[in-house]
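Next up: just one chain, as structure tokens, the form predicted on its own.
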């Protein structure tokens, strides 16, 4: 049996996928409300294919509990935030989970850290928890999936497994191999830690380059997307798309682990992360510029479309829109907000429907390119639109 610890955006799909493919699974989370919903057959967030996967796992007997199980394999999938001041990883959730595991696990249990950690975290913070009285095998198998396409990527993306013992690594490969169709690479723990962080750091730096290029092209009155399109025709060039900021729990967070632990070796990464973090402020400056150019008086005439960090998900983590709203709040300003994916009211000025959102608004700022926006595009014809995602076209649409 596998005990999956942490039933959030990564842990729950992983637990369900394992169970649906014949592995005996018990999922554990400290949040009694989450466990209660799962035991009632309710999924806790929106994701294509998640309900169907839940049903398949339920038919195979998956269990959910607030207690840790006595079993031989554990997968730890808890959050790994970073210290805002030092930019170093805060491993408290991982440490706490491992401590609880050690209280109940048997001899020779395998503890797989799936949470993304900085290179050396397991050696510095997890390994010292072990005692000579009970032999425990440590491993790292970082997740590589993205909200909005989790189910497909769980099955098809390659995986990396880092372990001290090749035999343990092979055992873990068999567990993930129950559903994973991608390549499963076996290596050591520190290499596995580094590769996951580097993957997200590469994307963060590439996005920062695109964002800096956007600001340069805007200053010169040039079309950044046309420039990127042409440049990407080169076989060795792959510039990503610019946007209003970087959200989610991976790209805006994981690279800071390297900056925090290796500040002298990461000036390029540090600068790239700062560029991305400053994009909501850049969006604010463009909003102000357009308001002045078009005689729009007051932010009560401005509406932000989209609260989530990316299209067609309900994930709000590190959302650029929430960052922009904090900037507005600091300046004593408030605008309207609408997101069809977010049903609960979480911010001031949030509207329940598109009609309410657009009533009286003169400038619509598209922060997220939800599919639903294409259905509502006719409603925007008489509005000035600042499209930060370049999903709309028209004479009334302008871009960052």
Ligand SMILES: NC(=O)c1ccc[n+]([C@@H]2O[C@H](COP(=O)([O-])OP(=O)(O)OC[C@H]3O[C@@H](n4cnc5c(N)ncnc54)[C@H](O)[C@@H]3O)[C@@H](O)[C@H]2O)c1
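Residue numbers count along the first chain shown, from 1. What you see is a predicted model; the values in this text were computed from it and never measured.
The protein also exists as the form predicted in complex with the named molecule; that form is not presented, and the subsequent description refers to it.
Verify the flagged residues 115, 143 and 196 against the named molecule in the model of the complex: is each one within 4.5 Å by a non-hydrogen atom? The answer is yes; 115, 143 and 196 each reach the named molecule.
Candidate stretches 259-267, 172-180, 246-254, 156-164, one within 4.5 Å of the named molecule in the model of the complex by heavy atom: Result of the contact check: 246-254.
Is residue 78 close to the named molecule in the model of the complex, meaning a heavy atom pair under 4.5 Å apart or at it? Because a heavy atom of residue 78 falls inside 4.5 Å of the named molecule in the model of the complex, the answer is yes.
Residue 96 within 4.5 Å of the named molecule in the model of the complex, heavy atoms: The answer is yes: residue 96 has a heavy atom within 4.5 Å of the named molecule.
Give a yes or no for residue 18: in the model of the complex, does one of its heavy atoms lie within 4.5 Å of a heavy atom belonging to the named molecule? Because no heavy atom of residue 18 falls inside 4.5 Å of the named molecule in the model of the complex, the answer is no.
Considering only heavy atoms, tell me if residue 147 and the named molecule come within 4.5 Å of each other in the model of the complex. Taking the distances in the model of the complex, the answer for residue 147 is yes, it comes within 4.5 Å of the named molecule.
Can you name the residues of 1-33 that have a non-hydrogen atom within 4.5 angstroms of the named molecule in the model of the complex? Residues within 4.5 Å: 5, 6, 7, 8, 9, 10, 11, 28, 29, 30, 31.
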